[in-house]
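Here's a solo chain for you in structure tokens, the form predicted on its own.
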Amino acid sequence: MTVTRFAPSPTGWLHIGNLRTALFNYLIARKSGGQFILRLDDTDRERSKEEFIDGIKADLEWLGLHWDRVERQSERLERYAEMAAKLRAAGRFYECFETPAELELKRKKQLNMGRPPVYDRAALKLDEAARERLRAEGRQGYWRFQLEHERIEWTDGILGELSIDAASVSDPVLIRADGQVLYTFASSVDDMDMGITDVVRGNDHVTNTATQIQIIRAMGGEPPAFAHHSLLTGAQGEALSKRLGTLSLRDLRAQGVAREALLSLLARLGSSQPVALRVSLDEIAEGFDLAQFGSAPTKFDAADLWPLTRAHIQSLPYQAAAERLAGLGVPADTAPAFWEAVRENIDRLDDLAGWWALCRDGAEPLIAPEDEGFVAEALLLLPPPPYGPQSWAEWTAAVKAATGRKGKALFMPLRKALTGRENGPDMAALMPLMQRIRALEPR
């Protein structure tokens, strides 16, 4: 069975980059009838917070990315300790004592000599007496995994054949001096134990993948199939990392972005397939294919979400908006006609409030100086509300006969006088909904 996972760290809100990873893994599982695991990488005790866990779940539920089960790394610490002991016994874990300052000095020296800044494995030369002296000095040991210096090769689901020389990579730190188990180790243990078959993540993890392949094999497991998608940039190719806080899913949802727009865009962005609105995850999964994606940085422009959101909203039946309309106070006998009149003139559902306020309370007239006389004459021919389906046609016909105006010169000034806007719904449909016309009131 295909088993995938989405493994966010609950140290902040989910953002667009997280969604891309979650969606790819979800679609792989859904398309094959497999399992999708939500795994919370919450070993960072200081930064992991329950409010972020709740937020992650709320975002995924809103998007329809339902998981088969939840796993928490904080509940698996004994298992990590067990596997760490196994790797120590196999001679693949070794204790180090260098301070960050000492490591930085080593890196600078290596760079100055034209060498790659790879850890020199000095700690392997320490005997037990030397380690005890360092501990007596107050130093706390942390643990590295000893890589086998060979080429690590795999077939990536997006990038193709990859090969990394392990000698060009520092032995990764897997357990910090304070005992915190780091991502590279915990993730390797989890992927092995949970039978993860496919992992899709950003291509900034390629080096992690190389080391995790060795770690999993050292523990007696078989690595999953890996695929690394391109990283998102801003619309101009700029780094997106500094803007991710403004691109959180909860903020986009609050702005009125439709989930269908997010899913449709992120499922195709960076692939050879065109982006088109899809209303269900089954439709999105049907055409999803990792092989269609490239390795080049992918430009993401939040503005692209709005045409898709608009298209989705305009396709909705009245029943989909009925609850929102009732909350605005639109009478039940008026709501269906109101929805049909205005839905093609809204970018998000929140825009309904403005159109209902116009119908209920009227609008400040917008009258150009050159049209003041014309509008005043036209308003003398307009009775007060209520209006019917023929009111707009009858009024404009009467104004045309009285003034001789026609076309845009006739209709635009009248629209602006009644609605205070240059654009909007068809006036024949809108006028019967208007309960107040401020232009008719004494000024």
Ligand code: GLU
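The first residue of the shown sequence is 1; numbering continues from there. Keep in mind the model is a prediction, meaning the values are calculated, not measured.
Below, we turn to the form predicted in complex with glutamic acid (GLU), even though it does not appear here.
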Of H205, R76, R310, R144, the one that lies within 4.5 Å of glutamic acid (GLU) in the model of the complex (heavy atoms): H205
Would you check, heavy atoms only and a 4.5 Å threshold, whether D41 touches glutamic acid (GLU) in the model of the complex? yes
In the model of the complex, does S187 have a heavy atom within 4.5 Å of glutamic acid (GLU)? yes
At the 4.5 Å heavy atom threshold, is A439 in contact with glutamic acid (GLU) in the model of the complex? no
Within a 4.5 Å heavy atom cut-off, is R201 in contact with glutamic acid (GLU) in the model of the complex? yes
Given a 4.5 Å cut-off on heavy atoms, tell me which of 285-293, 153-161, 135-143, 179-187 is the interface stretch with glutamic acid (GLU) in the model of the complex. 179-187
Could you list which residues of 1-21 come within 4.5 Å of glutamic acid (GLU) in the model of the complex, counting heavy atoms only? R5, A7, P8, S9
